[in-house]
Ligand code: F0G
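The chain below stands alone, shown as structure tokens; this is the form predicted alone.
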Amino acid sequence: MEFKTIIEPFKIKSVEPITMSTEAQRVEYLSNAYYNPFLLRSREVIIDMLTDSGTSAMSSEQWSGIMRGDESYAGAASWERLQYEIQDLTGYPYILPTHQGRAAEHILYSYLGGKGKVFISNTHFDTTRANIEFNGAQAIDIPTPEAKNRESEYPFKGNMDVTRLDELITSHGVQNIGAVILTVTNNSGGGQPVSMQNAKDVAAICRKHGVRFIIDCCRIAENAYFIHHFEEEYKHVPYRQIAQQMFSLADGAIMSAKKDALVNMGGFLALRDAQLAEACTSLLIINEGFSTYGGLSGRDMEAIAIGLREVFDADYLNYRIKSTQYLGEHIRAKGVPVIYPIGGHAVYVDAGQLYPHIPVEQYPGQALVCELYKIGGVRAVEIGSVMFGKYDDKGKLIPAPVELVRLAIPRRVYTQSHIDYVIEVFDEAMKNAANTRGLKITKEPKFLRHFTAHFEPLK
């Protein structure tokens, strides 16, 4: 029989204290942080859902591997173990280790990009877009049309619009396409999964035109879960084999290992083409480190190698997806507008719908993250017009397509009682929704402004 209660498929061996705070204290902390949760100190946060990146709790096997780490500068045994695991998983012969995913993005997209180049994705995430646009290239998002209906039951809203993909490659010219990037799961698109059929369709179009196809695979195991459960052809295929098949469709992959490799630091670039790998290796050595460590210690490489195996464990993935759904389904039942179905690593709240009285230029998503923190010390992140909004030539805001707030759940960190607490915080936020006010930006950098921008509440 199947029980209703979700239990964590692990035992707790070590604990980290949470510093409790009062609402009055949190109001002061938030003011000192200029109403930007990124600028809060971790000890000022009760439940931290800012990101699932690098926030995982590592297993006893990973900690054992850390003690085994070979810290040799070149040709370390830890590198050999990491290289073997990535090659076995991806099928790509050329592996470039990096200190995290955005470093791999910088290496590949700066080499393939530049002025006049175009990169096409289901939805570029913030660092991906920044690395592309920083070098003068253009990043275009073409999510599936089904993604617009946030209440439908369609299980693969992370898909790419393949009809538009074909049209864009033709209209921009093959020679101007830096790469086609399929992000699995689609983080900026609400954490929604990508179907294997969509990956096959994207691969076929890329082969037809002769353009590179890259998978951003930082949540590949979570994506494999959805394929296994919602694509009939794969219901008897193990999760790891599903991931291996998806990799077989592409020319390379970028991974932030801080997600589905269950570690606190690391990433890699994996490639099929020898000439491209050689060029990227030169950039790796200049920017990251020697080709057999690339900014990682031996102990980090050991932890990644073990995590890439553990993450495909069926009991872990079942717990991971269902515990995320538990949070999403419960706040949805209370009337909180969320992107549905619930994704794998996070719950996405539509703050624009929750706060229809707050215009986009007053950042309803940022208003919600501030409310969640003030009420209960829950730190979340805005994924709307703060993160993705731009200005036109006259300084007018071009808003993001939707004003989202992401509640990212760290892996193997919080128990069900922690999640129940977050649900209670939403109860209080809903009571005061009509009286919540927006914010204005008082200071911002040119790129990735959401990390360091300063805000001020509007009266």
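Residue numbers run from 1 along the displayed sequence. The model shown is predicted, which means the values in this text are computed figures rather than measured ones.
This protein has a second form, the form predicted in complex with this ligand, left out of what is shown; the following refers to that one.
Undergrad: Given that the partner is absent here, does S53 sit within 4.5 Å of this ligand in the predicted bound form, heavy atoms only?
TA: Answer yes; at least one heavy atom of S53 falls within 4.5 Å of this ligand in the predicted bound form.
Undergrad: Would you check, heavy atoms only and a 4.5 Å threshold, whether K157 touches this ligand in the predicted bound form?
TA: Contact with this ligand, no.
Undergrad: Flag T281 as yes or no: does it have a non-hydrogen atom within 4.5 angstroms of any non-hydrogen atom of this ligand in the predicted bound form?
TA: No - in the predicted bound form, heavy atoms of T281 and this ligand never come within 4.5 Å of each other.
Undergrad: Please tell me whether any heavy atom belonging to R332 falls inside 4.5 Å of a heavy atom of this ligand, as the geometry stands in the predicted bound form.
TA: Output for R332 is no: heavy atoms all beyond 4.5 Å of this ligand.
Undergrad: With this ligand left out of view, which of D216, E371, E382, E302 would have a heavy atom within 4.5 Å of it in the predicted bound form?
TA: Partner contact (heavy atom, 4.5 Å) among the options: D216.
Undergrad: Only one of G344, G101, G352, G190 has a non-hydrogen atom within 4.5 angstroms of this ligand in the predicted bound form; which is it?
TA: Going through each option in turn, the one that passes is G101.
Undergrad: Report the stretch among 127 to 135, 356 to 364, 110 to 118, 321 to 329 that approaches this ligand in the predicted bound form to within 4.5 Å, counting heavy atoms only.
TA: Result of the contact check: 127 to 135.
Undergrad: Even though the chain is shown alone, can you say which residues of 394 to 416 have a heavy atom within 4.5 Å of this ligand in the predicted bound form?
TA: Only R406 sits within 4.5 Å of the partner.
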